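What follows is one chain in structure tokens, specifically the form predicted on its own.
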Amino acid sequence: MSEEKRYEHIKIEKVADSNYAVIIINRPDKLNALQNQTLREIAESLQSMDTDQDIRCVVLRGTKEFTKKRAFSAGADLSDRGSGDLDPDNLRHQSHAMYRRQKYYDLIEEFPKPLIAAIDGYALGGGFELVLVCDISIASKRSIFGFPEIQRGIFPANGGTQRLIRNLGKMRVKRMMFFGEHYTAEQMFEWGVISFVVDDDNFEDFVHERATWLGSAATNSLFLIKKSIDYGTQIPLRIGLQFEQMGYAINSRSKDVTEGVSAFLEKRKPKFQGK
């Protein structure tokens, strides 16, 4: 990953001896509200980490130095008027504006390494949609989730209606989006939307522990697990199983497989190199 790249809306930290990096949404005065630039910078930074062998997992989070309230992201920045080349009164132009925005979410979702959403505070609207494109989500108990767009006369169009319905039943998704209510982290965990809920005081340590574990795991295996789940579930089972079989064959050539099996037989902890 290039050390020369500087961003306006995010910060990047490399965690020493842990094989993971942290992308921090750094707009505390706006509750980390998302503009197109914010999403573009997240996508670009992930792209720079794609082939960096020293980074085997990434944590996406809000800044710890909040000025108002804790937030992963409170959603879209409604003061952002978008691109000047698009007419706000032209329906086709507005459809294209959302196409551009959705592409950033798609690029983030397609990042091939484990991506953890570390949520401490608000995850609303577009911020909640950002959680949905991550692989693992860890929330503090004080975190709040929801889709308040209906209260502004808009609706969750950054993939929210489509991605959440794949996690929840239709009635729950409509309930959340029709009424724009807030939900606790415990409720989202109970519904299967997020991976972990932890005590507020233990949040930072738990995120570090999980990211360190993934950063030290068999990277090729994680890559194939992610691809098999994300893409294999979009096709018929028979084809998905073929996808899984080919993935297994590819993974069998990994040096980490040899190390993992040897460590098991020798009754020691494996030392995966991510190769």
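Here the structure is a predicted model, which is why all the values come from computation and not from measurement. Note that residue numbering begins at 1 and tracks the sequence as displayed.
Below, we turn to the form predicted together with a small molecule, even though it does not appear here.
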| said: Residue-level question: is residue 145 within 4.5 Å of the small molecule in the predicted complex, judged on heavy atoms? | reply: no
| query | Does the small molecule come within 4.5 Å of any heavy atom of residue 172 in the predicted complex? | reply | no
| query | If you check in the predicted complex, is residue 86 within 4.5 Å of the small molecule, heavy atoms only? | reply | no
| So in the predicted complex, does residue 116 come within 4.5 Å of the small molecule, heavy atom to heavy atom? | no
| query | Of the options 124, 185, 138, 176, which one has a non-hydrogen atom that comes within 4.5 Å of the small molecule in the predicted complex? | reply | 124
| request: Could you tell me which one of 31, 42, 214, 59 places a heavy atom within 4.5 Å of the small molecule in the predicted complex? | output: 31
| remark: Of the candidate stretches 197-205, 162-170, 92-100, 68-76, the one with residues having heavy atoms within 4.5 Å of the small molecule in the predicted complex is 68-76
